[in-house]
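Heads up, the chain below is alone and in the form predicted alone; it's given as structure tokens.
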């Protein structure tokens, strides 16, 4: 059997190689580098194709495609969200992604994105907080201690200087898991038994819960002035975490309004409720935090450009390493017009 040509091979980053890459770079340095790539792409926001993700909803979850292009490269992510999966020993979220050359249409990278999505989500949260949170914020409440929580905590330490995380989850075992995983980091970790206890003294409040339902993780009376809320759990129609009264008191920042109004916290508000796009803050076209008493809210649902940034980062970072496998993915006949002949010649 003939060996595939170099044109047939696409770099593939498996779960094992993604973990190797993270440890090779270091978790916090990689979070900072990912945030840098996202920031670069947000600064050229207007170059990108932008569309809300294509979602297929069911009674138990959602499957989504998240595509975009900057005119030179095209990327997409396949991702699911099935909260019931953990009861079956499965991940709530799994993902993979692809990056391609616009000029040929040929893929240049295929990679796992379950772990990478956790990394880029955390990097995005902390990047937004760098522009929106109080400058002296050193304490964060982490409400929802599932698979994303440790990444969030480490990102806020790496990018924002958070020193203490106060943990709460309705499942004490989840809080114990997160506390155990963070025990050997530079963070001071405080397990809490209620959301009210978790937000005591916190200048940043991150909510990251999984249930696909309208929920009130934070009530209006729990949120005082001068805090930054990083709301990342509400990410599909019918799923929210914050009381509407909080939204009315907050300066709200979003990735892409057309998507966030369908999936984010602001689905609870009128269609014309004012929001600011985060890319405008990053480019200096809009103001972030107004003053020390303002409540800022990053209503984050995740957007395709962030995944594009992560794919671009991985493409660059695996060059010159052995942290990928060449995958025989593309047919490469000697004559581009003779695909059938290639198939026939492979016959034993």
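Numbering follows the first chain given and starts at 1. Computed from a prediction, not measured in an experiment: that's the story for all the values here. The term rigid core refers to the most C-alpha atoms you can superpose between the two forms while keeping them within 1.5 Å.
In what follows, reference is made to the form predicted together with another copy of the chain, a form of this protein that is not presented.
Original post:
Does every residue of 65, 103 and 177 put a non-hydrogen atom within 4.5 angstroms of another copy of the chain in the predicted bound form?
Top reply: Looking in the predicted bound form, the three residues 65, 103 and 177 all sit within 4.5 Å of another copy of the chain (heavy atoms).
**OP:** Have a look at 276-284, 52-60, 289-297, 314-322 and name the one stretch with heavy atoms inside 4.5 Å of another copy of the chain in the predicted bound form.
**Re:** Within 4.5 Å of the partner lies stretch 52-60.
**OP:** Sort through 220, 171, 163, 196 and report the residue having a heavy atom within 4.5 Å of another copy of the chain in the predicted bound form.
**Re:** Going through each option in turn, the one that passes is 171.
Original post:
Of 150, 263, 255, 241, which residue is found within 4.5 angstroms of another copy of the chain in the predicted bound form when only non-hydrogen atoms are counted?
Top reply: Among 150, 263, 255, 241, a heavy atom within 4.5 Å of another copy of the chain in the predicted bound form occurs only for 150.
Original post:
If you check in the predicted bound form, is residue 130 within 4.5 Å of another copy of the chain, heavy atoms only?
Top reply: Contact check for residue 130: no, nothing within 4.5 Å of another copy of the chain in the predicted bound form.
Subject >> Heavy atom of residue 251 within 4.5 Å of another copy of the chain in the predicted bound form >> reply: Heavy-atom contact with another copy of the chain at 4.5 Å: absent for residue 251.
**OP:** Answer for residue 30 alone: is it within 4.5 Å of another copy of the chain in the predicted bound form, judged on heavy atom distances?
**Re:** No, no contact at 4.5 Å.
Original post:
Would residue 154 show up as a contact with another copy of the chain in the predicted bound form if we use heavy atoms at 4.5 Å?
Top reply: Judged by the heavy-atom cut-off of 4.5 Å, residue 154 is in contact with another copy of the chain in the predicted bound form.
Original post:
What residues of 315-331, in sequence order, lie within 4.5 Å of another copy of the chain in the predicted bound form by heavy atom?
Top reply: 327, 328, 329, 330, 331, in sequence order.
**OP:** Look at residue 57 and decide if its Cα position differs by 2 Å or more between this form and the one not shown after superposing on the rigid core.
**Re:** Moves: yes, 2 Å or greater.
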